[in-house]
Ligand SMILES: Cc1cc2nc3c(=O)[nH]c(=O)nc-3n(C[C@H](O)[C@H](O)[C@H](O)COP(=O)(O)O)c2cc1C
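Below, in structure tokens: the form predicted on its own, a single chain.
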Amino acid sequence: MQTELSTQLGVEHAVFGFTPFPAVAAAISRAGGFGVLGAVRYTAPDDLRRDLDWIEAHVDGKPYGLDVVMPAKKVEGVSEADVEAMIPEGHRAFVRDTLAKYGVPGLAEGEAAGWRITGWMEQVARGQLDVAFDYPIRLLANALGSPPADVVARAHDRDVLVAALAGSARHARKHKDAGIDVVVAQGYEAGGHTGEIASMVLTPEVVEAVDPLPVLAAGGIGSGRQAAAALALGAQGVWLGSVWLTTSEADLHSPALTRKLLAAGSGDTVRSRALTGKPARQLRTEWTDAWDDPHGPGALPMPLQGLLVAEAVSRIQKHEIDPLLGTPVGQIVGRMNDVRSVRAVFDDLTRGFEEAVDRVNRIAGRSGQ
């Protein structure tokens, strides 16, 4: 499954795997793909450095990249406390009442409230980059569009390709104008923040919009047949995230959540603002229903919502409150029916890809007779 982009990056298969877990990222690269570590949860530079050290020790010299969440425009001089002060008391009360309704226990005294979505903040994201550029990363991806121009230049000075996610051809053209090297066309089916255009429509639109830049297809891809379809639409690779959540290398810290993912069908997700304030596809739960209820207060804009619900989400996950327990995941969850190693997922992807290509070649051969 090789393309010009995979050859340029020195990987065997044009499979780009986004994951928040270092062990998964390293396993993806070892299997012949391109592992991309999500950095948004790293608020302390030393924590990111520790995990990049681990990847370096376990990637067998294979290439890998980093994904950050960084606004295109600088947002300086705004502290987390400043943002916290903007959260209305009514929304805080709604969180307290919802947790009380389901009997969600609190955290132990002195226990950290868990991951707080602060990676979008200028000082945090730039701190991540200061660490990342000390390592031989080959790709820097940004989930909030094109990163600031100075970041693009800094990456290019280190021979690091820059990728940005796009949910429409219009967004993709902006990335091209900003000097981005790779565009990830993320369809409606994908997990996390998505737009409203399905992958089958979006991928060829983006390919045409940014030609000759390489495009990666994301959303609704979890099999070799789907990967072959993406390449047939003009993509130079696939960007997969959800499918790694149920691999044996993933570290969800929640057997109950793993069971929910394995049991979920492709119709059991929803695009909701409950987690971050921006529409993000995730498992539908009574937590997302509460935030999407028109009689409720509604989610706050990003980043207020993420800060508001950080402790609540930590409590729900720690105590595995089943009706409220969820995670970002795409519609491909309907195929995630058992726990497999990253290598097993790759074997399935490559075998399915070869079978799909052979099938199309046979059809093309018959039509040419």
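This structure is a prediction, so every number in the text was calculated from the model and none was measured. Numbering starts at 1 and follows the sequence shown.
Heads up, the form predicted together with the ligand isn't pictured, but that's what we're talking about next.
Undergrad: Of these, 245, 132, 264, 151, which has a heavy atom no more than 4.5 Å from the ligand in the predicted bound form?
TA: In short, 245.
Undergrad: Just to confirm, with a 4.5 Å cut-off on non-hydrogen atoms, which of 69, 26, 309, 316 contacts the ligand in the predicted bound form?
TA: Of the candidates 69, 26, 309, 316, 69 is the one lying within 4.5 Å of the ligand in the predicted bound form.
Undergrad: Even though the ligand is not shown here, does residue 303 get within 4.5 Å of it in the predicted bound form, heavy atoms only?
TA: Flag for residue 303 set to no.
Undergrad: My question is simply whether residue 327 lines the interface with the ligand in the predicted bound form - judged by any non-hydrogen atom within 4.5 Å.
TA: Residue-level check for residue 327: yes, a contact with the ligand.
Undergrad: Given that the ligand is not shown alongside this chain, does residue 224 nevertheless sit within 4.5 Å of it in the predicted bound form, heavy atom to heavy atom?
TA: Looking in the predicted bound form, residue contacts with the ligand do not include residue 224, since no heavy atom lies within 4.5 Å.
Undergrad: Can you check whether residue 218 is within 4.5 Å of the ligand in the predicted bound form, heavy atom basis?
TA: Heavy-atom contact with the ligand at 4.5 Å: present for residue 218.
Undergrad: Looking at heavy atoms inside 4.5 Å, which stretch does the ligand contact in the predicted bound form, given the options 61-69, 340-348, 318-326, 44-52?
TA: Selected stretch: 61-69.
Undergrad: Listed by sequence position, which residues of 226-265 have a non-hydrogen atom within 4.5 angstroms of the ligand in the predicted bound form?
TA: Residues within 4.5 Å: 239, 240, 241, 242, 245.
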